[in-house]
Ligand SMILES: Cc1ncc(COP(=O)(O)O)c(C=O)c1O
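As a starting point, one isolated chain is supplied in structure tokens, in the form predicted alone.
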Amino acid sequence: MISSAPVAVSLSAGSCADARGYFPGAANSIYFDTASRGLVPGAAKAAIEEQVELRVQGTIEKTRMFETIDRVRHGYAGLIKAHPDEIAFTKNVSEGLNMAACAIPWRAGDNVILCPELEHPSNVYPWLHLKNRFGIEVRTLKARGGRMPVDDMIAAINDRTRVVTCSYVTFAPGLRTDIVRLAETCAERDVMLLVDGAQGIGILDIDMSRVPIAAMSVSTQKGLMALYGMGFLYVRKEWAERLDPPFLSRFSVDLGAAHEATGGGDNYALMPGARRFEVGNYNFLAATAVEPSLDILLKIGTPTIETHVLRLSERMIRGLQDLVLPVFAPEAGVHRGHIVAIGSAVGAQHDSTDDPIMQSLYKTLSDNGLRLTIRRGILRVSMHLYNNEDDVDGLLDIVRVWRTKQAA
């Protein structure tokens, strides 16, 4: 008899070391590629297989699927210290960013502030599109030594600024934004801060009850350690009530406990908070897959995970410097996170570098079974709770041998 109950994870509280055993991929290779996609726990595979089998047998009830959605909504809200009504399910980061951007009642001459060279294109094209549609001004700023130019962003805000947008952690070179200071300033100026949280959420701690971010979009395949094809849009309740969703469906409309196919009249009310942005049925399989990961993240806690990855980052940076390798922004500071960038300058290429030495190092690490990526000319080594000191030392050992051969 197959059950439709959630697949639970038994984990001693607060232990990244214990959690590593739930990720088979961590035992099969040195995995430093969370910035591309996180490892998925074995419990997610079991949960997926169970739901698929129930669908094959035709025995799953949709009410059970909606119960999964409710648990996952509450789980993600708990992870970032938000209210469940402030969470909407999306397809990915890009969809969430577009939902928020297109819900603002733009007027010609309004402006948005961003730093395109540090953003994924998914957080650039929506603003160019709105420029063409509504005549808004896209105010672009240059990075400061590879860092998000928070001071310049704050200085650029004026009485026509509607949005400041940035990545919580940039995907290249992978530095953390001083998001608290930026959020507090935007809140004081009544400007929406819209954050691409893809690279940080699930790994670095954030508390929406204390940090006044207006809206943040994430996907589930990176720090949330699940599948492609699903994400979450957080919108602070007071901001959600000011926005006009670009799309509407039955799920966006508040008809109380009525069936999902129940119709309403012209005088309809929107769902509370961010739930007004939800359109149609959910990616139930992806929600099933992320639930065990959220269980692990909640049991350990992101404060513990952040401390863990920062300790590993420090160990790796010191080791690379001892081997006289260039580490991008190696000094301690608010920019430090779970991504260590090897290289001296950010380039234009997506997945290669013009530096033959860095390209040789990347090939050597990859040939030795270590998983990492190059983004914009920088070797990007990204960590999560399933990494440990042995992983770091394993990378450094490979680099040490490579260094010896380079010197010969």
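In case it trips you up, residue 1 is the first one in the sequence shown, and so on. What you see is a predicted model, and the numbers here were worked out from it, not measured in a lab.
FYI, the form predicted together with the named molecule isn't displayed, but the following is about it.
- Task: Identify which of T165, T161, S94, S313 has a heavy atom within 4.5 Å of the named molecule in the model of the complex; exactly one of them does.
- Result: Of the candidates T165, T161, S94, S313, S94 is the one lying within 4.5 Å of the named molecule in the model of the complex.
- Looking at Q221, T177, T288, S293, which is the one with a non-hydrogen atom within 4.5 Å of the named molecule in the model of the complex? None of the other options qualify; the answer is Q221.
- Query: Of the listed stretches (319-327, 268-276, 247-255, 167-175), which one has a non-hydrogen atom within 4.5 Å of the named molecule in the model of the complex?
  - Reply: Answer to the contact question: 167-175.
- Message: I'd like to know if D196 sits close to the named molecule in the model of the complex, meaning any non-hydrogen atom pair within 4.5 angstroms.
- Response: It does: once the named molecule is placed as it appears in the model of the complex, D196 has a heavy atom within 4.5 Å of it.
- Message: Just checking whether R236 would be counted as a contact of the named molecule in the model of the complex - the rule being heavy atoms within 4.5 angstroms.
- Response: Answer no; every heavy atom of R236 is more than 4.5 Å from the named molecule in the model of the complex.
- Message: in the model of the complex, is there a heavy atom of the named molecule that lies within 4.5 Å of any heavy atom of H120, even though the partner is absent here?
- Response: So H120 counts as contacting the named molecule.
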